[in-house]
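Before any questions on binding or motion, here is one chain by itself as structure tokens, the form predicted alone.
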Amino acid sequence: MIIVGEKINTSRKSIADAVKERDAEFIGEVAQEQAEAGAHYIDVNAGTFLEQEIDSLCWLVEVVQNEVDLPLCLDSPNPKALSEAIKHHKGEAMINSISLEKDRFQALLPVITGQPCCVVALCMAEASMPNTVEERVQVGSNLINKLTEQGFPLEKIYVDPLVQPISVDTRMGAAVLGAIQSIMNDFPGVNTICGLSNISFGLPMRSLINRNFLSLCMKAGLSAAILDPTDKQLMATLLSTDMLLGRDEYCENFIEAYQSGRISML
């Protein structure tokens, strides 16, 4: 299970303040904390800065990679920001994200095919956000086919079925689970990813909802999740589910995390 640490996002006030003030020490500490907690990628997002997004995102890339020896998930709806940020990235980044929207697809295609990288492929077309399993699978399948036709490796595609809050529509959880399962069955070798905490938006006891949804997603075949790796209860759920699904030989990952204090029931 691939963990993308979500905390370096300027939608969080502390991160926005640190980026505005160019507080590299604070950003580095947040990156290091997530790396030590078990993240495989560190997400960097400066989307709230609008006109300053490109400069801020490039700055974040350099600061975080100076602090941790991990690849980054470059997170922006702006193709120009992603095109510039990847120039500052050392190694193979994850680009978040491309979609079936024509302008966005065409703008990002040369970026993701110009150097080795992974890409998050959103199940979003021109019309609207998907509601059903079928809508998600159709858009996801079209994206996979269009990307592989351009020579992009199947195993470097991470399809995002777009988790939406169940507080708005209680069918959204089941729709995502069905989409994950169908996409993983229909395209052996592809990956799926989601922004986990979207599911619980607007509800009490969000961490409980997130933990249970994560287990269900993993059973459906989810490959990766954008989440807070410093949440010890969430990580306990992730690692115990991985173990129960037979993906942790000799239970080594779970035991090591327990002994090191990286997971907790409290």
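Just so you know, these numbers come straight off a predicted model, no measurement behind them. Counting begins at 1, following the sequence as shown.
Keep in mind that the form predicted in complex with another copy of the chain is not shown, yet the notes after this line are about it.
Undergrad: With another copy of the chain left out of view, choose which of 65, 223, 197, 241 has a non-hydrogen atom within 4.5 angstroms of it in the predicted complex.
TA: Exactly one listed residue reaches within 4.5 Å, namely 241.
Undergrad: Judged by heavy atoms and a 4.5 Å cut-off, are 105, 115 and 154 together in contact with another copy of the chain in the predicted complex?
TA: Contact check failed for every one of 105, 115 and 154.
Undergrad: Of the listed stretches (22-30, 56-64, 36-44, 206-214), which one has a non-hydrogen atom within 4.5 Å of another copy of the chain in the predicted complex?
TA: Correct option: 206-214.
Undergrad: Would residue 182 sit within 4.5 Å of another copy of the chain in the predicted complex, counting heavy atoms only?
TA: No, residue 182 is distant from the partner.
Undergrad: Would residue 237 count as touching another copy of the chain in the predicted complex under a 4.5 Å heavy atom rule?
TA: Residue 237: yes, in contact with another copy of the chain in the predicted complex.
Undergrad: Taking heavy atoms only, is residue 3 within 4.5 angstroms of another copy of the chain in the predicted complex?
TA: Result no; residue 3 lies far from another copy of the chain in the predicted complex.
Undergrad: Report whether the minimum heavy atom distance between residue 144 and another copy of the chain in the predicted complex is within 4.5 Å.
TA: Result no; residue 144 lies far from another copy of the chain in the predicted complex.
Undergrad: Using a 4.5 Å cut-off on heavy atoms, what residues in 235-266 are near another copy of the chain in the predicted complex?
TA: Contacts from 235-266: 236, 237, 240, 241, 243, 244, 245, 246, 248, 249, 250, 251, 254, 255, 258, 263, 264, 265, 266.
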